[in-house]
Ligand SMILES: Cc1ncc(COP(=O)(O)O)c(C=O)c1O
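Next up: just one chain, as structure tokens, the form predicted alone.
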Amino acid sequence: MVKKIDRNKIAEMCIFPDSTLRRTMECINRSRLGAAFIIDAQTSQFLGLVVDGDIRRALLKGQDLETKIEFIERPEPKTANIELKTTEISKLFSERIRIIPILDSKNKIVDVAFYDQRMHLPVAEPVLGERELALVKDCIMSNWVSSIGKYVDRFEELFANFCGSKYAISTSSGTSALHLALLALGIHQGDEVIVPTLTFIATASSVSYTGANPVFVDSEYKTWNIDPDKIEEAISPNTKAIIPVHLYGHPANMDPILEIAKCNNLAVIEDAAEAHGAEYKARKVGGIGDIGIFSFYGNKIITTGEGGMIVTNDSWIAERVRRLRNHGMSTTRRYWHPHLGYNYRLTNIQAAIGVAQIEKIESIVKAKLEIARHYAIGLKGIRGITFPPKEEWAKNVYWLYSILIEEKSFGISRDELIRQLKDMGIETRPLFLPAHTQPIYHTGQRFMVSEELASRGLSLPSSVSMQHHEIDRVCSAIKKCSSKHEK
């Protein structure tokens, strides 16, 4: 798919041969197209093309941000003549070539054609930039790339401050964070841990890793999270903990959960893997229970590629988690292992990305809220759609903007909508399948709310980089798919 750019914006994409890498990166960031054009300062004739990948490779080879762009290696650009038809220009694109300057007879740029990668709208994608690149480069140039380094400590400190917790301990994934949290609480074989059935499978799997049994509870319709009214009936003499999940970015109703836990001497582990920055009664999630965990997988609100974090206010738990994630090694005697431990550490490179990400998390959350606001406007009036939950006591951060489809009112099923949107280049995802229906558990139970939510729910493209016109495109496509939306 070929797109052309407004001619008025071409000047913003141009640099001179003596421009520095820093200046070029600023130009690329401003254009948002991943490239800048090198032109002659006197004649404005086209001299070359530089893409963000060229700069990354130069930095990794030891160049610094003050290096002039004329001195870095760049592939030969592909250009097109102004007389060339769009159909012919499209043939010039390849896996490597995504942007083509269109030149006039004097070799000056008069237009730009680019392959519109956004013809496919993904459900989620990370937002990485110059800051992440600079910190990763610092790790590489200093040779501190493994699990020891200044960025690990810095990331933990910044994240603890963000959550309002005393301690934050980084881990290799959100799943390993859950596993360590359970181990730190002494959960073992024969114990039971209460979890919502409507969650990603890692919540239940982490319980199984310890030898304990996950005990499933239905969700409440108004928040899509674990139903506090159903928890007590699931408690047995073997129950040791409750794991409320802040599903899709909306907080669980924590007060009644904490009260039940207190009355029954149970620990509370918040699974906030999808809810960075979400709030319950003005308190950030993760720091409300005994332990909170987060995920930094590539599609999460902030990312380190893979990675996780445990937050807690308990010094004993924090210290135990640190030992367990490092092979159970003693903190006072090297290579002495009094406990069975695991290699669940985060690398310094991943933490460097995390530092850059946490520095801009407020703007990321703000963007998520704006995406949700724009979706709400665009989908208003379409029959058969239920919007994401938003309780008055909650700050939903809309990890993924997820809706419910009622087939009779909407006109087609949820699954048919997913298929039709896919044909339009719009990726969606169904809600998680309830854990009690999974082959590894398949308890034979029926949890009607969770099953209904899972059968009707789907998540729409929710990347922080989404523009309003892209959200409008999704909303228009959904309207077209519905045979019964209001005219």
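Counting begins at 1, following the sequence as shown. Keep in mind that this is a model prediction, so the values were computed, not measured.
Beyond the structure shown, there is the form predicted in complex with the named molecule, which is absent from this document and is the topic of what follows.
- The named molecule in the predicted bound form comes within 4.5 Å of a heavy atom belonging to Gly174.
- Looking at Asn348, you'd find every heavy atom of it more than 4.5 angstroms from the named molecule in the predicted bound form.
- The named molecule in the predicted bound form is approached by Ser295, whose closest heavy atom lies within 4.5 angstroms of it.
- Not displayed here, the named molecule is kept clear of Phe447 by more than 4.5 Å at the level of heavy atoms in the predicted bound form.
- You can rule out all but one of 388 to 396, 270 to 278, 230 to 238, 137 to 145: in the predicted bound form, only 270 to 278 has residues with a heavy atom within 4.5 Å of the named molecule.
- Proximity to the named molecule in the predicted bound form, taken as a non-hydrogen atom within 4.5 angstroms, holds for one residue of Gly307, Gly354, Gly286, Pro251, which is Gly307.
- Out of the listed residues Ala202, Leu133, Val215, Ile382, Ala202 is the one that sits within 4.5 Å of the named molecule in the predicted bound form by at least one heavy atom.
- Within 4.5 Å of the named molecule in the predicted bound form, a heavy atom is found for not a single one of Ile226, Tyr401 and Arg456.
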